[in-house]
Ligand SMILES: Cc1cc2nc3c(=O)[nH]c(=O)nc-3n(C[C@H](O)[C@H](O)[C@H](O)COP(=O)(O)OP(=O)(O)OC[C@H]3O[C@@H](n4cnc5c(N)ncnc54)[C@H](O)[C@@H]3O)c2cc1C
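One chain comes next, on its own, written out as structure tokens in the form predicted on its own.
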């Protein structure tokens, strides 16, 4: 998918994806690694990342799911939604408030919670424009979580979540590049071979504009994403870089997908051509792991605004 090789595995696992094994590897105890990481690496189990809640989307500091200590364990109560792979996952990395006063400043903790534990249910699947995944609502009703299933240090869950999300943002940016490349290749081939008014469609200046603008934006976004990844490799913490990469790449792929439909005309809106599916799928990339608006706000903060 990527012509210049993969940059996603930043050296030393600096920016892990939120749904992959790296978050567990980086902060888990040896016991948790053996019980969850190894089966995950062998593709025997699947996990999900449960942070978002109905009242806490972009502002994850306001999560309400609680975890209270009792008899050497934690009692988990709350609800998560829009959880990717939530229905299929064998276990979830769940973020809950353990100190209401500190909250995001040392009061949010991450737990590994197994599917099937009493009180842990998948209560709803959300229907979206996507045909790939149905995000789930997860409900926790007095779920008893052993203290050994605390992931990392108590109270440090929010900091870990933000680091993991940075990795997810870079992955999304790379995915956007690959999808945009596919759509560009498709529209270019169609413009060369489709005949209208006695000549190839690509001879029409309007169509040429769609193709050229898509190529320029794709190459510009590719250069920025690769540069941001290089800075992370060189030691940056990735907050600004991952946000910028996702912002530029996901906004770009949305425009390329729209132009691809326009080049294909009515055929582009037909499901059998496979173009409209990408148009629907990439729309969500500007929403999850930080909306474009939140990313702009985050970047502004790193610039001293």
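Numbering follows the first chain given and starts at 1. Bear in mind the structure is a predicted one, so any value in this text is a computation, not a measurement.
Omitted here: the form predicted in complex with the named molecule. The next part is about that form.
You can rule out all but one of 180-188, 226-234, 143-151, 79-87: in the predicted complex, only 79-87 has residues with a heavy atom within 4.5 Å of the named molecule.
Scanning 267, 58, 262, 34 against the named molecule in the predicted complex with a 4.5 Å heavy atom cut-off leaves one residue, 58. Note on contacts: among 243, 67, 253, 50, the single residue with a heavy atom within 4.5 Å of the named molecule in the predicted complex is 50. Looking at 272-298, the residues that come within 4.5 Å of the named molecule in the predicted complex, counting any heavy atom, are 284, 287, 288, 289, 291, 293, 294, 297.
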